[in-house]
Ligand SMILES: C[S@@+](CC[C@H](N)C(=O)[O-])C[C@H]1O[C@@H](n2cnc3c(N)ncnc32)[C@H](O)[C@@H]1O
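So this first bit is one chain, no partners, the form predicted on its own, shown in structure tokens.
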Amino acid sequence: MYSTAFCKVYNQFGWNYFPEAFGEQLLTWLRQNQVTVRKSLDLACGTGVLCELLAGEGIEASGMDFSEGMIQIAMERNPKLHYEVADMITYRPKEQFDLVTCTGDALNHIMRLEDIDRIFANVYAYLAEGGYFIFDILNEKEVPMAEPIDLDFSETVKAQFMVTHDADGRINLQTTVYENGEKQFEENIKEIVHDEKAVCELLQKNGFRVEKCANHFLENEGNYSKTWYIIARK
């Protein structure tokens, strides 16, 4: 679970760029494919940015996240939307959704394929017939080991990021934040790369039809990503 300090940095200093960019692509995809969504759920919704974008289009959007800090910020940003703290491995709401999303490589925080299998089984249960489950996962090439990256958030606040891999193939993103030259906190986030073919096989095992697994979301994108985008339908 992200610390309260990291959640604040996440919200204040630019990590919202991905849900914003993905949200615009998603809205374009919905229009292009004439998909009508009345109710949506964003798993691992973070600070609720994607939910806000969908709600702005008249969709009854809701979100859940394992991090209390993220949900607190999401509720502060837009108290009219429904958010809750939960573990998506066991999360199984009673209502049905036309669209379920899980972005920002959230599934790469789930270390075991057995747990991803459980998530897929649960999503299938609360996804409406004909509904879509859209998510992304990391590509191996997206997370090479790298030298530390320094970012200046302001004249006084700096951050350093470094990606490393351990002997078991897990990815560690170390984030250190400094203010006025003094270290304020350090966060170590663990992820793991899952084989996209194995992930798609788990979707099919749970009854989904995989409509797309590609390194781009929209067909007319000029720059392809190193992320796998997966579109599955019930």
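Keep in mind that this is a model prediction, so the values were computed, not measured. Position 1 is the first residue in the sequence shown; the rest follow in order.
The same protein has a further form, the form predicted in complex with the named molecule, not shown here; the description that follows concerns it.
- Residues placing heavy atoms within 4.5 Å of the named molecule in the predicted bound form fall in a single listed stretch, namely 60 to 68, out of 60 to 68, 174 to 182, 27 to 35, 201 to 209.
- With respect to the named molecule in the predicted bound form, the three residues Leu41, Met75 and Leu81 uniformly fall beyond 4.5 angstroms at the level of their nearest heavy atom.
- The named molecule in the predicted bound form is not approached by Leu113, whose heavy atoms all lie more than 4.5 angstroms from it.
- Residue contact with the named molecule in the predicted bound form: Gly23 places no heavy atom within 4.5 Å of it.
- Contact between Arg118 and the named molecule in the predicted bound form is not found at the 4.5 Å heavy atom cutoff.
- Interface membership of Gly104, defined by any non-hydrogen atom within 4.5 Å of the named molecule in the predicted bound form, is confirmed.
- Only one of the listed residues (Met88, Leu99, Val123, Ile137) places a non-hydrogen atom within 4.5 angstroms of the named molecule in the predicted bound form, and that residue is Met88.
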